[in-house]
Each structure stands twice: as structure tokens, then as C-alpha cells.
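Let's start with one chain on its own, the form predicted on its own, as C-alpha cells.
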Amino acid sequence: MAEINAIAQQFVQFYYSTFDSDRSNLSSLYRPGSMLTWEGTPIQSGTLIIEKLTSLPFSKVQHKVETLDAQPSSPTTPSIIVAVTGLLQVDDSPNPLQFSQTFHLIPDGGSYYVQNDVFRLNYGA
């Protein structure tokens, strides 16, 4: 499990630092069969996912990861499920938004790509 947690930690650090600096650079993490569900809306294909991420209506963003959990997702393939919760600071808003995001990572050579990505803002009741 230590290796899975280390891989998840590395992935999350890379993903959010890249998202926060230049979302278009996330394209190498998605494949034609990758799927993103963004606030309940499904988007399939790496190209369409990057179009969605780069068209989000904010110019500055900063993620602050609060929790990260990882598990192996298959007994036969070294794929990983990564669940993240945290705070999202957009533009100059003084109030961060709570978010949760889950990734299904699939091995690809010496790295991983995102097969599934589910993002949701968490609003208080």
C-alpha cells in the first residue's frame, strides 16, 4: 500500500500544480477513451476534457488538498483509485469552495493516465 499511496501523492501534486498553472498541460494525462464527469455532466475523450478544463470561467485557481485516499482497483492490473477532497480558491474570491474529485489511474509504460475523473463542488446544506 505504501507504493500506491506514494504514486497517488505524486499524481495529485502534479495534477493540481499543473491545473493551477496551465490546465492545457494536463492533456498528456487523458486518452481518447478517458471520461470526466464535471458537476454531473459526462465528457468523453481527452480532447473534449481539456476543452472543458481550459474553458472554465476563471483565470486564477489554487487547489488545497485536505484529504487523499488511494486503493488498488484491480487484482490483475496495477490500476489505482484516488479520492481527493479539498478547497478551491478561484480568482480573487475571499471564500474558497469545497471540492471532491476521484481519479481512476491506469498504468501506461512507466507512468499512469486518467481513465475516469469525477469532479464535484460540495455545497453546505
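Residues carry their position along the shown sequence, with the first being 1. Values in this document were obtained by computation on a predicted structure and should not be read as measured data.
The form predicted in complex with another copy of the chain exists for this protein as well; it is not shown, and the discussion that follows is about that form.
When another copy of the chain is considered in the predicted complex, only one residue from V90, V65, L56, A83 comes within 4.5 Å through any heavy atom, namely A83. Contact with another copy of the chain in the predicted complex holds for all three of Q98, H104 and Q115, each having a heavy atom within 4.5 Å. Another copy of the chain is not drawn, but in the predicted complex it has no heavy atom within 4.5 Å of S45.
Although the partner is absent from this view, P72 contacts another copy of the chain in the predicted complex, with a non-hydrogen atom inside 4.5 angstroms. Contact check for G40: a non-hydrogen atom falls within 4.5 Å of another copy of the chain in the predicted complex. Using a 4.5 angstroms threshold between heavy atoms, I50 stays clear of another copy of the chain in the predicted complex. The partner is not shown here, but in the predicted complex the stretch 17 to 36 reaches within 4.5 angstroms of another copy of the chain through a heavy atom at M35, L36.
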